[in-house]
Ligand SMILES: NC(=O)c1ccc[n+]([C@@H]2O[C@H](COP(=O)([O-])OP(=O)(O)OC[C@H]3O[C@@H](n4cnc5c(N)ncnc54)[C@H](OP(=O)(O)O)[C@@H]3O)[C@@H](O)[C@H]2O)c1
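Read the single chain below, which is given as structure tokens and is the form predicted on its own.
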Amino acid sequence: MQPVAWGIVSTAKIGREKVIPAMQAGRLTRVAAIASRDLASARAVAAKLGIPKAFGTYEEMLADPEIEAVYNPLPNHLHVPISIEAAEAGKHVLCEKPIALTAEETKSLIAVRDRTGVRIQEAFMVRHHPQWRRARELVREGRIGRLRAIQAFFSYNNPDPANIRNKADIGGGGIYDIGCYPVVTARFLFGVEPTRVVALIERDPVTRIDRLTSAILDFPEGQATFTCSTQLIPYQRVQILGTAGRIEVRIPFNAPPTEPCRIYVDAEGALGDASANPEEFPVINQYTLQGDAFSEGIRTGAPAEFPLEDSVKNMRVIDALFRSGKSARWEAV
């Protein structure tokens, strides 16, 4: 199967340090070009990463007939407009999360996708990692009984007001940046949508971004709770609890690409994790898997596993979390 020729929109850190090197290792992804509003920056990254073409505008790259798909890691407020521009140019689009700032914005991408016939997908790489696939398989098989509760924690410490993640007017803040992961993985495991949510949100007094959030998602068969923060010690962990067992995902979101990952399955509940049995997964890069899966869909034309309709559902939950943060009450999804 012929690899897909990719163009990278912008020289964003996540792209140059994580996604581009991972895609370059893929069997179906060929990074052919990178574009930036600053041609010198594009050329510097292209030289460092061995990318053949560098462009000084996004429009020039989108006009290149060689480019079949683009990866969009721009700031959150530019996800929708630049993804639309790429789709209108006939390019398939893999866009960083959150793919939009509201569910309504996400719906606009569906209209463009249907009109142009290209693929557009939100880049939640975790859904491609074998540890999450296995966790969902164990849940579906009933290995932990009936799934009733999920607890997640995700944090890092970045109080810099100049950092793009701390700019409220362009989609910064903890829920958009990392809270979206507990939301998408809870939906991934339960396999249905939550009916209502409640959130306690604390905002930074200077930047006004949401810096500490604790939330409950109420599903028909159970609950998912999470806390996320942009100003705490870095930490992440997920517990998946059923009526007859438990699964712990030790490094759930930033799974390392250089060492094996493990989940722990506990069917006895002994104190101190004494009865938790590890399942280890070989070294793998979830960004490589994501790029290859998207490229394979382009080549085969198979239905998308995670279409934009799923992104709309995820954004509806996030919309409700923000509403609850303001209303201080449960909000329907």
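Residue numbers here begin at 1 and follow the sequence given. For clarity, every value in this text was computed on a predicted model and none was experimentally measured.
As for the form predicted together with this ligand, it is not shown, yet the points below apply to it.
Proximity to this ligand in the predicted complex, defined as a heavy atom within 4.5 Å, holds among E96, E248, D204, E105 only for E96. Site annotation in the predicted complex: the residue of L189, L74, I144, L101 reaching within 4.5 Å of this ligand with a heavy atom is L74.
Heavy atoms of A12 reach within 4.5 Å of this ligand in the predicted complex, making it an interface residue. Although the partner is absent from this view, R134 stays clear of this ligand in the predicted complex, with no non-hydrogen atom inside 4.5 angstroms. Contact annotation: R127 falls outside 4.5 Å of this ligand in the predicted complex, judged by heavy atom distances.
Proximity of D210 to this ligand in the predicted complex: non-hydrogen atoms within 4.5 Å are absent; the residue sits far from the partner. Using a 4.5 angstroms heavy atom cutoff to this ligand in the predicted complex, none of V31, V118 and I298 count as contacting.
Only one of 190 to 198, 83 to 91, 221 to 229, 159 to 167 lies within 4.5 Å of this ligand in the predicted complex by heavy atoms, and it is 159 to 167. Counting a residue when any of its non-hydrogen atoms is within 4.5 Å of this ligand in the predicted complex, there are no hits in 190 to 209.
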